[in-house]
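Okay, so we've got a single protein chain in two different forms coming up as structure tokens, structure 1 first and structure 2 after it.
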Structure 1
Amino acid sequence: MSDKEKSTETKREGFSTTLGVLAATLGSAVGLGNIWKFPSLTGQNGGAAFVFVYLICVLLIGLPVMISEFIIGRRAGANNVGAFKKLEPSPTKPWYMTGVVGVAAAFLIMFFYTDVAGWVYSYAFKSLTGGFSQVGATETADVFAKYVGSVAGPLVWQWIVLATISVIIIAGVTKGIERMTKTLLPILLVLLLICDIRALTLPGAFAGVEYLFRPDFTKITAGVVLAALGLAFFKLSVGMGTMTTYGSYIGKKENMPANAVKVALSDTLVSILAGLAVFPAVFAFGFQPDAGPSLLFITIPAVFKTMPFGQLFLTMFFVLASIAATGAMISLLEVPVAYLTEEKRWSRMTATLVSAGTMGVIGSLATLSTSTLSDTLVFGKTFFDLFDFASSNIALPVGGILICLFVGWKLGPKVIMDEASNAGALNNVVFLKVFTVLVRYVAPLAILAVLLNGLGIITF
């Protein structure tokens, strides 16, 4: 190995253990998507039928895209743009634009994600400082409406969120975060289970379980399928290069396909558990399941308010939700930072501050969408909804198609076999054959069809 290679090796931090790989990738996947987006989208799109379509999207599309990103990242050992440049150096074949679209998508997501993370942080703070002690179970809707309808509070919290993740990224304490996630994810799971038990034992809870598990297939429309696909991308953190970036930190001996399967399954389980905590309570308290993004912030406090030590559990829940959100946001911020430091040679500090600053300035448009800018619509949507829709339902699927085509056709079956079986060391030939068919044909065609259909460009 040359000196130059050695110095890049030492500069690039990698995940040290198999558990570390799982914790980091699952830490990116598990976030507000599970406890906030999954229940609210399920509620808005008709319940179980949406969950059914979502599961198909995860298995047939999300999982293959995740494995593809791991393959690109680990094979190249570089950031999201550099990886494509390394694997396709020809300037006449601009595959690296896939990486550029991914970096743009990371910004789009962060514009609204930091807003919702701000709500979660503020709820954690409020419950920590006893601010919820006087709030009754039926008053949580008013409390939330008042909070998001104000201007200063949500903006300040969004900047606190950005400052927090910037400090972590600048310090480069990925290992600290990894270790923290490893300890805290199980605690989040335990708390979710407690919440589930409480919600499921409320009188009238069963209506919520039925809503989540008994599908009414007449509710499936083109828009519902597009929303489920968008959620699958968002949930698994794929379609934009987070898993490519993380893939570049995965050791050559790790079993990447197995890790991807574990992440997809565990992440889906967390979403279902979140749904089981929310919907039974929604029905028990007579809330509307289609309340949208506000669902979590109204029902979860209401549920906790009805149980012994509720204040304590409420605090713990939102603290842990803050941590889950932070783990996901760090992986999002890492995408532009890795790109700017490796490709543009910016310092980590400058790259982080410029990226986070941009996220804060444009992201404030999303934050003000629930107050002063609530009537300002672009393409019929508030800024918040526009950033959300454009990232999950357009940028990530488009990125997903390009990633599938790159791995399935440009790299091709031989490279897939070699990279994803660790040069034949893993016994997963059949799995990889199925994966190859999915990534070459099924996933890109399905994504394209859903995308064009969902956007109304073609109708079936």
Structure 2
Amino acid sequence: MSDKEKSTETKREGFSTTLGVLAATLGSAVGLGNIWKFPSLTGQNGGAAFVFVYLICVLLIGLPVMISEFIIGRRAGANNVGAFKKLEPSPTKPWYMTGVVGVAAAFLIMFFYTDVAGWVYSYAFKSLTGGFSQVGATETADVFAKYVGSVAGPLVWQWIVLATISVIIIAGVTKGIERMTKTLLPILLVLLLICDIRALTLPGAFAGVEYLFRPDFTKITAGVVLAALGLAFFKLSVGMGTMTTYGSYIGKKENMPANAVKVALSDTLVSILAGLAVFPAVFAFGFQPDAGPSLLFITIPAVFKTMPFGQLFLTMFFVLASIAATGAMISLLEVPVAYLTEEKRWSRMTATLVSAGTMGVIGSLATLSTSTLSDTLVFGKTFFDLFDFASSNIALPVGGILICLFVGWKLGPKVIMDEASNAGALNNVVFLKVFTVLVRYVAPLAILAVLLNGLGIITF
């Protein structure tokens, strides 16, 4: 190896500790999907029955895809596009397009996710400064409608979100991503547990616990299964290049499969804890558990306003939601930044500012979809819905299928065993044999069903 190659290699950062690996990858998986989407979809799809199906989807589909991304990233030691180029350099076999799909998905998600994160940041600030003190429980819908229907406020908060994430990314992998996630995750868990304790001590709270944990299997339909599968895929941050990018920062001695299992189980635990913070309170005060996306911004403020010390717990809830959103966005912004710094040789600061700027400019179309651009439709959808649909229904499933095919068939069992067992140092042969079957057959077919259903080609 030449001196130049050695110099280039030493410049590439990585996670410094096992805890750093777990914190960063869990920080990517834990996002608004846990605090917002999981309770929302659980409420809309039958409660505990949906949770049961979701857990199966995590184990059979979400976890195999996550491990696959880790294998690709660590094996190549490169960004989401460069990893595929390195593992399959032949120009006649353009597997690198899988990485391109991941980068595109990260942008598409950030276009609308930063908008929703801006709402969360705004509500956290409003709660901290007492902005909800004069808002009655019946007025929360009007407050939310007025906010999202405005122009300046949502745009300003979206850029505040992007500026916050950019500062962390510019600091680097170890001093930025790893340090921040190791700091934020414990705070999130403590706040979530406090909200759980308060919700569970409310009169009538047991009805919410029962709703979350006592399954009615008559509620399970093909549509519920697909909703659970889609949520498992989205919540674990797979198919969008984040886990491949983070996998490239994982050391060769780390137990990747074990870390992936820990992330999947911990992410699920956070979702359950979020459900315990939401449903007992919702039932205790007679609100509807199937309120859908408005659950976070309308129902939750109304619920917390009704309970004793509601202002305090409302503040805690939106602060923890802001933390969850931040961890997820850090990983999403890192995907294009890693690509630009390694493939285009840009500085980390330039890559971050250009990526964040692009997300802000195009993402403003999503932000304005609830105000001045509400009547502007593309393919029958607002810009917000278009970005959501293109990422969730097209880019993520396509990326997930290609990742499974690449690892399961292109790299194959020998590479899987070598990389995921640390060249035989780990005693996990049986686990990896099961994983190989899942990633070759079960996961791609299940994700294909989600793709076809999302495109309306097949309906359930």
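Numbering for residues begins at 1 and runs along the sequence of structure 1. In this text, rigid core is short for the largest set of C-alphas that superpose within 1.5 Å between two forms. As the structure is a prediction and not an experimental result, all values here were calculated from the model.
- Each structure shows the same chain on its own, and structure 2 is the form predicted on its own.
- Relative to the superposed core, A83 shifts its CA atom by less than 2 Å between structures 1 and 2.
- For I71, the Cα coordinates differ by under 2 angstroms between structures 1 and 2 after the core has been superposed.
- Positional change of Q44 between structures 1 and 2 reaches 2 Å or more at the C-alpha, relative to the superposed core.
- Core-aligned Cα shift between structures 1 and 2 at L191: this is 2.9 Å.
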